[in-house]
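One chain is shown next in structure tokens, namely the form predicted alone.
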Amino acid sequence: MRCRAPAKINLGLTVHGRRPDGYHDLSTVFVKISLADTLVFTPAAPGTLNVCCDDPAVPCDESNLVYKAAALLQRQAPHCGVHIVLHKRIPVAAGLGGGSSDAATTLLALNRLWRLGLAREDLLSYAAQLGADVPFFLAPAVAAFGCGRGDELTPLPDPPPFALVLVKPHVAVSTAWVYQQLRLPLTARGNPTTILRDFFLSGNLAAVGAWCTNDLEEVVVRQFPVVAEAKRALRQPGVYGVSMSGSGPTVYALCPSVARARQVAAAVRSAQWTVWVCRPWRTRPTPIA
């Protein structure tokens, strides 16, 4: 079984405060995008669980989220085995949710491959154990409004057509480190992400771009000024908005068309970063069963 695992961006991210469990309450608009990893699942001898990856930066042991997701399901099916090959295209530690998407895709694929018959609610309970972003990638919707840890999700309708230019500076950022460095309380200003969500629902992409702010940017830019440099480079005529995705360091430009995105991408290509042109994800997700 061959499956694609899409990346995500955060259109806006507002942090509201620290929770008793050590996580943070936040609100954000998630959007799956066309940049994607590919996972290949091959049945293996009972009890077998092997993961290999073509990116040397990705561990293939028990610390890998794909391995953890498969191990959770294998507890329910010890008579099953699998060999998983992960072809990475989504960069690691980039704020694009690659590991979370790979884990969610593994839950969906093995539920089908092993004929476990688990309902979405069952898979969501496993996803919550793997990470706050994993439940979003189980949802069939392209976009969702997330709150709580980001795992309390309200599906949103598919957005109108738009394109993105993604720029990733050649640095890696730890999500845990970013939240540890966050200075709370943040300046009170209401919740810009709910305003962004409402413009998203109305299809007003220019207004969405104007409200694309990320409370985590200050921490990342302070440590990695190249992120601010990439944002400045993306502020081209015709771009609706520029912001950082998740905990970074990837930043994106929201553009009205693929043609304009390609022009922006050509203008900002640099030895200091990697550049992609993407669209919202349109492919159907892996079925539940």
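None of these values were measured; they are calculated from a predicted model. Start at 1 and count along the sequence shown; that's the residue number.
We do not show the form predicted in complex with a small molecule, though everything after this point is about it.
In short, of 114-122, 95-103, 72-80, 157-165 it is 95-103 that has heavy atoms within 4.5 Å of the small molecule in the model of the complex.
Just one of Ala253, Val66, Val31, Met244 comes within 4.5 Å of the small molecule in the model of the complex, counting any heavy atom, and that one is Val66. Taking Ala36, Val58, Ala233, Val221 one by one, only a single residue has any non-hydrogen atom within 4.5 Å of the small molecule in the model of the complex, and it is Val58. Each of Leu86, Pro91 and Asp133 is positioned with at least one heavy atom within 4.5 Å of the small molecule in the model of the complex.
Among heavy atoms of Thr213, none comes within 4.5 Å of the small molecule in the model of the complex.
Although the partner is absent here, Thr175 lies within 4.5 Å of the small molecule in the model of the complex, judged by heavy atoms.
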